[in-house]
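The data below hold one chain only, encoded as structure tokens and taken in the form predicted alone.
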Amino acid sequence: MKGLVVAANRLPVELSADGRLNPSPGGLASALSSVTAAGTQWVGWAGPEAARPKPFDHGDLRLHPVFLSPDEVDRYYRGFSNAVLWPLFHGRLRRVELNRAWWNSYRVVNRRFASAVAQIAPLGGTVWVHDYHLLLAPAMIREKRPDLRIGLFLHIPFPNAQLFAMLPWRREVIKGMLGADVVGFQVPDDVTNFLAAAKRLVDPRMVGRTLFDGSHSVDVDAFPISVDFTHWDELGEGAASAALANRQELAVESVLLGIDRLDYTKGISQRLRAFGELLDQGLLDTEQCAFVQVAVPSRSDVAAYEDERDEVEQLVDRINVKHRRRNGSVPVRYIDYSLDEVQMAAWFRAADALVVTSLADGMNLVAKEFVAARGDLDGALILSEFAGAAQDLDGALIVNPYDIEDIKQAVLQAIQMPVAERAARLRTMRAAVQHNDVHRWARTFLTRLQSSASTRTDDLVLRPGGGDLATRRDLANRRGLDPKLVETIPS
């Protein structure tokens, strides 16, 4: 779509000290590929080695780097974003790290992002803000550029109103989010939680899922994100021989798989405990089963992540020492580095079951990637009820990740599942992912944003077709906007 500005914590590429471009963590650029036409602009951080780069082109995208000092990376990113908001929103706040310096840095950086957007967005354009790093930005952008349509999508869960209320700056965060025309979440539960928090903290006028915040309306809804089905289907088909090689190397009858970032919200230790107990009880044969756990290090400079890594590695060692096979091999293969998509597809096709035991998860796209890659219809999915994907994938074996016995029963059911039942379950899930793929998600959100009704007459005048040139010039003057900008949009 033309005139789109994306604002996210990171640009789609990182700039190294020697000027090389490397893909950034996460798949947001891929997710937006079907809606980012030539001329789309992207505002974000270019990485820790980027210094102060100027805007540059990358494919069809015009990238606008936002500078973050080392102190801001520590306070805004590692501090407030990942040591306060991330655990709070996942219901895993171990220590109350409510640091006022972190909050002040978060505000400063959000305002810097908002200023960057305001400077480059075309008059009457569309801005799509992404995720918890920039929750204040929508209101800040609206303050500077009321002519823009602003969307916000939260990729992680939104907590219930009581938990969210622990945050001292709760009203400021809600008001920041309400600066958007459309606020999107992964699942309906998140919508309910947000509406309850907004009602409790700022008490806007509400009609259903529409909130009226001062001079504009805010449409709040669920837009479940997905994956590129065709891409992962093709990867799966191409990985058949590599998958066979993986199974031959393991030399067992049953292969269980987990692929996650090494994060305390992913429930990795819960699934490993379940697997270990099944071996202890003789319900699984050490000689005939294997658990492959990919745990990609993440935020290793945050103490809680170091604790999680230690716990997971100790569990792996304990299981492998206790259940070492006669030939000296071990039942848990632990992979602590990132795999590319081809390698992931090979493991997806090699596994008898993917085990997802997230304690809280906005969606969990690994589950959907697995489903899309299994065109052979010969795999089972064990899925936490607290992952957003559980509401999309009818056919998964749903478990309570806090209940080790529940996980154990699901593992046994997956391994013993008849071939016909596996195929039927996967066929249902694949149809759902194929129909609601990532491109449909992006188009659906932006279509809603384009059609969102503003109650502010002035905003309508400043949008395409909203009034004659003289009226728009006068209004732009009164709003403090550059009157020359109004000449770029048709009457």
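Heads up: residue numbers just count along the shown sequence, starting at 1. Because the structure is predicted, anything quoted here is derived from the model rather than measured.
Another form, the form predicted in complex with a small molecule, is not on view; read the next lines as being about it.
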| query | finding |
| --- | --- |
| Option from 309-317, 282-290, 127-135, 210-218 whose residues, in the predicted complex, bring a heavy atom within 4.5 Å of the small molecule | 127-135 |
| The unique member of Pro53, Gly39, Gly59, Gly26 whose heavy atoms fall within 4.5 Å of the small molecule in the predicted complex | Gly26 |
| Partner-contacting position among Arg247, Lys408, Arg261, Lys144 - heavy atom within 4.5 Å of the small molecule in the predicted complex | Arg261 |
| Partner contact for Ser269 in the predicted complex: the small molecule, 4.5 angstroms, heavy atom | no |
| Partner contact for Trp86 in the predicted complex: the small molecule, 4.5 angstroms, heavy atom | yes |
| The small molecule contact at Trp102 in the predicted complex, heavy atom, 4.5 Å | no |
| Partner contact for Val187 in the predicted complex: the small molecule, 4.5 angstroms, heavy atom | no |
| All of Arg10, Tyr77 and His155 with a heavy atom within 4.5 Å of the small molecule in the predicted complex | yes |
